[in-house]
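For reference, the chain that follows is the form predicted alone, supplied as structure tokens.
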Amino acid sequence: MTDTEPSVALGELIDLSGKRALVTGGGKGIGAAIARRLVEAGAAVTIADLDPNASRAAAQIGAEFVTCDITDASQLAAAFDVADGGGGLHIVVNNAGIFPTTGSLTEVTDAFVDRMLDVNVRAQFSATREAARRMATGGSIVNLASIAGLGGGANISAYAASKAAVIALTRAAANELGASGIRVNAIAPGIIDTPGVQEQMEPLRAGGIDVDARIASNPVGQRGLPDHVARCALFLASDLAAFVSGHVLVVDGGATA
């Protein structure tokens, strides 16, 4: 793209035809919504997920599927090999992660912290490295962070630290990979109504708290849905965001405004 005003139709800017994409943790929730939107835009999508049952979700949207534990280097590399098909990759969405409430800082064990950082940081680093090696003609990497990585929060110390690291990784990688035509951005969702979040909030529901109201407690006044995040991922993956890199896009209905 030149530095002059481009005469490109809007449809072309969002058209991902001919692009190959990999979405980790794409079997359900936010990852599944992102994979669906990328497929709708024309991309050839591979979903990598630890749960083999996610193959059904992949088949329903016309995506390829590979079982993958992102913390296993050989499985991760194999997933990337499937996704690029020998022709390189254009889009990688590092969505897979864990997000349990960690509990009191004084009670969190080193083993728990190790697991949180291994999945949410070290594996995303490895995936970013694998992506960069396969984007010879440029591409877009989208990392899933969290508003917890920006503002913290009680009883989520290990999780908040892991997501802050994802944000730092995103910015550093954007600086390093920009010259190769690779854009690196992050999305920081707020509370999104996914099966995992519902499960996390079950103790609150059992205690009489209106969980649905809690999920919708933001200035916009509506529940955050996986597709809200997916639309933003599609933007960052497409040429609509051709001059956006190193950015953290907050998607929280204004909760942190």
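Not measured: the values here are computed from a predicted model. When you see a residue number, it is the position in the sequence shown, counting from 1.
Keep in mind that the form predicted in complex with a small molecule is not shown, yet the notes after this line are about it.
Comment: the small molecule is not present in this chain, but in the predicted bound form one of Val119, Ala165, Leu177, Met135 has a heavy atom within 4.5 Å of it, namely Val119.
Checked against the small molecule in the predicted bound form, the candidates Asp212, Glu40, Glu64, Asp69 yield a single residue with a heavy atom inside 4.5 Å, and that residue is Asp69.
Although the partner is absent here, Ile98 sits close enough that one of its heavy atoms falls within 4.5 Å of the small molecule in the predicted bound form. Proximity of Ile30 to the small molecule in the predicted bound form falls within the 4.5 Å heavy atom cutoff. At the 4.5 Å threshold, heavy atoms of Leu50 reach the small molecule in the predicted bound form. At least one heavy atom of Leu144 is located within 4.5 Å of the small molecule in the predicted bound form. Residues within 4.5 angstroms of the small molecule in the predicted bound form, judged by any non-hydrogen atom, belong to 182-190 and to none of the other stretches in 150-158, 182-190, 79-87, 103-111.
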